[in-house]
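Let us start with two forms of the same protein chain, each given on its own as structure tokens and named structure 1 and structure 2.
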Structure 1
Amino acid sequence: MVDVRCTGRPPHEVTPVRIEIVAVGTELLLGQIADTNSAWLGDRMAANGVASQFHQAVGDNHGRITLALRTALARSDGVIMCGGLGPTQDDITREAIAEVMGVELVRDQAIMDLITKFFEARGRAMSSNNARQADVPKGAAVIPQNGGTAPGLICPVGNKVVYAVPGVPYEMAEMFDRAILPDLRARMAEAGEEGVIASRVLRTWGASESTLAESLQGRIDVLDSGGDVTLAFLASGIEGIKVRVTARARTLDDVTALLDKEEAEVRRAIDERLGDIVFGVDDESMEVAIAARLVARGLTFGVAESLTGGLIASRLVNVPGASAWFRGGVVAYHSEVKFDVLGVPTGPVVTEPAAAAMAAGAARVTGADVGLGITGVAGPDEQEGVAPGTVFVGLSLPGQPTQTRQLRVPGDRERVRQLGAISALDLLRRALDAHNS
């Protein structure tokens, strides 16, 4: 279970605190960078029962920023502004906030000292424009920096609030968790939102969002008719579809019981319609699921990759302690490497038999109990008469004949490789579940 917050009135009587996100930066409007900050904030607030009803993006223009901020405050209880707090001439978020507050900017000497020490510690000269980052709207509270130079701000505007954080994602996320979320929780408690809200996320692979939603329509109908639990679907690209279960109750024990009950209902509904497509809960990635199964069975693993070029091995070593069960991998991109190192028979290498031989070769070369081989065509052109998006996977498990599967995955070259990697790992997950079961 994750993300618990305090809220005392029955859930249907609570009016949630409404927050709007305003992302600042002309580069966002030009498509030069993706607005990942708003997506992260929206997901984080939803998991904590905070209503995020609007998102805006605005360029580095004083008049437009103030208009965006006034618009947000007119329809929301609070605003989170991301970006525009740096030292350059186009970083004007603090000036816009001060105008909306009707106050002047005041230079905070404590912040100035921290910025100066930041540069001194790195042996760098500080240019004079960095001093702008120490300017704070009068009456605002400062969120100190832990990783950079621009502090965040908590700015009262009547009975509403404006939070301002840097656009650097890790600085934004750290400030949100450390300062903004606790402040939001306090405001929600003041508004009478007592009790506990918590969420749990079930991670799935192998079904589309529409198919998954159809399989859960019965549960959705039951929950929509009234209750303290909701379901939401989160499309997560190459990581599959997530089903987020959110519950509200008086106590932590009560909300945990609600989540346990609904998780069981959701799993049962999915299993009956779609089979075993749930591979993890909350932060449990596919590679974490693989690691847990290998460790539970006392098995080691090796991989031979052509199509994915090391993506599978890279995912696996993200798991702490992977050296206990992951023996290693071979990136056999050229056919001769498949023949000479892995023992693939001379001939076509984009076939199910080639994938099977690669799996057996991976186990043999790395000395692993379990071997996986993957080959295919990423595109854009066909290879050996095989269409782009075709993936062949081989699995070698102790005491069993080598298994093979042919998959068809959509997308461009990079997407085919990424989807091929997680699809192969999902086949391994299912095979391990069946092994000695």
Structure 2
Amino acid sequence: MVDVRCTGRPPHEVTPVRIEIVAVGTELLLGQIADTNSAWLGDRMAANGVASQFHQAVGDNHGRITLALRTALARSDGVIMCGGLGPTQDDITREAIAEVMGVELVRDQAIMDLITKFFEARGRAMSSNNARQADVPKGAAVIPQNGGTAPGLICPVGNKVVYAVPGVPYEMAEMFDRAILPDLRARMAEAGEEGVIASRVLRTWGASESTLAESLQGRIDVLDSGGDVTLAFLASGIEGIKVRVTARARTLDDVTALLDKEEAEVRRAIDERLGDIVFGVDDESMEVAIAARLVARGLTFGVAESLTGGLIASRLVNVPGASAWFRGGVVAYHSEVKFDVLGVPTGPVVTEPAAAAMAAGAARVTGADVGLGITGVAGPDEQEGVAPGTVFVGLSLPGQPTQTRQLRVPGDRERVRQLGAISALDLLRRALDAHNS
């Protein structure tokens, strides 16, 4: 489970502007999709110091949407309504906001023109339903659409505000960054919130959350004594522990300078006690870290997988430009494929020598400079007398003997495969850092 602990009083807790998210859509209540929009908005707001204390989800029903909206306005300073801005009969967010505002809907001609152009450009007929997307509660401001057909809204309700954004994830995200975050920042400044808040996440692999927190106790003590920088530890499931640095300053340049300084301090403190466990910043996955090191050294890569069944290869091809360094892999699920294709000596296959042979075989078969081999027991049963969670990794780098490592990986079958894959890539990362090519 995720444990979020912040040093001192997190910048986002001091803001007087508390925003509630109301996600609109019956499919959310029926569990057909997980509410990723609310998670995205929550994360963006936290990283920018905007407090959010409640989320709601409600179905496509007028009475219940207005109730949810009134509930939100009673306990929060502003609301982001996400969804229900489409053209169908079920899309009734506009009507609900107008009722709560106590105003009528007015059809906006400029938006009508945009919608008409959208359909003309596609050679399609516009339906009368689409015209509803040009309806605006009287007194609200329009956020013009950028690509989709639905504009957003900024609606004053008393001294509070209701934002409406489309439910389509990339439309919502684009509109939030372009129009809502700046509006929120302006309101926070007006409410006495000075400056800009921004965050940077350092991604680590290999230490537990408590060990990581111990290593940073010095920094925590310094930051707790006052100032505009805080640290939070975020467990991210299988992707390791993240350290989020959040800073507040007068301008964006100032806050970036603060983040740079604290990032350096955090890296130094971690490195002193735990070594090289920081593998990326913000969105940089383990695969991105691998790619950067291979490209910097002009090396190509091939992988031989067994229990992970293609997971490592499929993660790597996600990195843009992978074709410059990734040759391919062998999924040697059956033992005979290990023997016949990779040249693993006949015999037990859940062993360190087998992992080493798989690594060398991966490099040879794919014609790569670097090879990784991984074999182990995902569970729930033992294999060859070896317990579930036992994973052997082999690494073949040019000009040096093949290295091996044994890992103990917790969890069920799926977790062992996922954690085993990332652990193996982390070993590769460290080996590349140590390798002079």
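Only a predicted model underlies this, so the values are computations on that prediction, with no experimental measurement involved. Throughout, rigid core stands for the largest set of C-alpha atoms superposing within 1.5 Å between the two forms. Residue numbering: sequential along structure 1, first residue numbered 1.
> Please state whether structure 1 or structure 2 is the form predicted alone.
Number 1 is right.
> Would Arg132 count as moving between the two structures, using a Cα shift of 2 angstroms or more after superposing the core as the test?
The answer is yes; the displacement is at least 2 Å.
> When you overlay the rigid core, is the Cα of Gly152 off by 2 Å or more between the two structures?
Yes; that C-alpha moves by at least 2 Å between the two structures.
> Determine, after fitting the two forms on their core, whether Glu287 shows a C-alpha shift of 2 Å or more between the two structures.
Glu287: C-alpha displaced by less than 2 Å between the two structures.
> Give the C-alpha shift of Leu29 between the two structures, in Å, after superposing the two forms on their rigid core.
Value for Leu29 between the two structures: 8.7 Å of C-alpha shift.
> With both forms put on the same core, how far apart in Å are the CA positions of Trp40 between the two structures?
Superposing on the rigid core gives a C-alpha shift of 3.6 Å for Trp40.
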